[in-house]
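The data below hold one chain only, encoded as structure tokens and taken in the form predicted alone.
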């Protein structure tokens, strides 16, 4: 999402008036970071795509209330919507029973070998589980730095902290992740 501050403020202003082109441009600028944020927290690509769509539909519905005038503000607003949508999805998942085992017979086999997929999915699940045990700030820093590829300054703007606080959160988060994943490895 690289755009001059004045251009972005003008684009946001036009989007607030439901200018389709402006909202489409805003979407193109922000869809990748929002999708990556959700994909890091969900187990399937389809679910991340679906929630990304829900985020932008909600953003369209609430665009008139957007007060941000810069990139960090827009992304913070979209990530806040994404966090709420993600929490709703996780609550919904825990309330609904899983599908019966008989339905599994109808699924098509993916291209990679099943044991490879199982190992990859297991590792991702372990990392996601460990991420959920971090504090909210630590989790946000890890997602910004490793999923979105932000540097410390951009991460600091995104999470509303200074660079030193981001460094501390980053190091503490990595130490906690290391400890949690080592504990999981020992449990096997």
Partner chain sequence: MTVEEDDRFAAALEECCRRVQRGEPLERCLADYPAAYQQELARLVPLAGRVGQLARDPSPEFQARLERRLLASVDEARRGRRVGLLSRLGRLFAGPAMRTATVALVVMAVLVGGGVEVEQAAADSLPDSPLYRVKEAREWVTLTLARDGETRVGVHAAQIAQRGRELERAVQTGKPRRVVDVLALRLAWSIDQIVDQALELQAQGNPRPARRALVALRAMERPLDRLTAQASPEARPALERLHTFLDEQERRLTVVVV
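Residue numbers count along the first chain shown, from 1. Treat the numbers as computed from the prediction; the structure is a model and nothing was measured.
If you look for the form predicted in complex with the partner chain, you will not find it shown, but the lines that follow are about it.
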- Query: Any of the heavy atoms of residue 32 lying within 4.5 Å of the partner chain in the predicted complex?
  - Reply: yes
- Proximity of residue 138 to the partner chain in the predicted complex, heavy atoms at 4.5 Å: no
- Item | 4.5 Å heavy atom contact, residue 60 to the partner chain in the predicted complex | yes
- Message: Is residue 174 part of the interface with the partner chain in the predicted complex - any heavy atom within 4.5 Å?
- Response: yes
- Query: So which bits of 22-53 sit within 4.5 Å of the partner chain in the predicted complex, heavy atoms only?
  - Reply: 23, 24, 27, 28, 31, 32, 35, 36, 39, 40, 49, 52, 53
